[in-house]
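One chain comes next, on its own, written out as structure tokens in the form predicted alone.
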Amino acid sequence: MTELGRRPAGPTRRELVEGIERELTLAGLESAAVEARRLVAAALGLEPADVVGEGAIRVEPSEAVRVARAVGRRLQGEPLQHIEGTVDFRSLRLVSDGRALIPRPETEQLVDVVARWVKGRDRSVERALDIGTGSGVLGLSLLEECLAAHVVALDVSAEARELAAHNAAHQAAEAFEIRPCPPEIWPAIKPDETFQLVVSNPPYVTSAEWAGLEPVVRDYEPRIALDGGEDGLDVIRAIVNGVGSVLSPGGAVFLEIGANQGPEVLRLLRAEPRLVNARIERDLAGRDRFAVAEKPLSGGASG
């Protein structure tokens, strides 16, 4: 009970969420109800479930100021994940900010594709290579889910490598080796160094597509992680052209690709004589999304 004549400290959490939901809806944001809960939770240092479950608690003025700042940032177009400061990726919770690409659900599905291959092998994966690691999501997921024992993570961006190192410090730092790499990638690999598994979520948006992306992506996520050149395949070509020399016999490469790139990426993989069993797999929406190829245990190649 409040003292006689004293006004309550402020709206309840539930009332605050409802007000923010209306504001986000008017601004044209999708999933306004979900975002409202997450913004309040981020500003108050809570989980979204706590905002709902303890909705009758009143918000103090200082808390309301923090919430208003978070809402203001979202209305200005900043990604929700950057405001929260973290992103959930499968079983991991990682720091997320403008130094690297925000992980997408399709990349989580890429780990599923890799997991099916690893679990179908009669040998474990000792060493994996993560090309363009960004925030570290792929490589750290391989370690977290025991799909590889050691990961070498490459990125051309010093800022991304810094973010990946921060995330690895909370996960599996000793098994996660971060290296800088040039645009041509392969000079980062030591002579005679090989891997049973190579994974990558490379930049695959065309330069024209990048210019037309929504501001929430174009203005806040690093172009270097998105723009794959005129046809979106610059980095994918570099990977395909060199991956056969670093894969161990019986190893495989897994790439995330654009939904319209399946036929051309498949052609590139089949043209590489050191690779076999090239194929394109679809995401949960039924779109071409993942390219896979293997290195034979011995003998010649076949497409």
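Numbers follow the displayed sequence, beginning with 1. Since the model is a prediction, treat every value here as computed from it, not as a measurement.
Keep in mind the form predicted in complex with a small molecule is missing from the figure; the text below concerns it.
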(message) How about R90 - does it come within 4.5 Å of the small molecule in the predicted complex, if we only consider non-hydrogen atoms?
(response) no
(message) Does any part of S135 reach within 4.5 Å of the small molecule in the predicted complex? Heavy atoms only, please.
(response) no
(request) Verify the contact flag for F195: yes if a non-hydrogen atom of it lies within 4.5 Å of a non-hydrogen atom of the small molecule in the predicted complex, no if not. (result) no
(message) Residue-level question: is A225 within 4.5 Å of the small molecule in the predicted complex, judged on heavy atoms?
(response) yes
(message) Taking 4.5 angstroms as the heavy atom distance cut-off, pick the stretch from 187-195, 102-110, 80-88, 144-152 that is near the small molecule in the predicted complex.
(response) 102-110
(request) Using heavy atoms only and a 4.5 Å cut-off, determine which of V205, C181, A175, I178 is in contact with the small molecule in the predicted complex. (result) V205
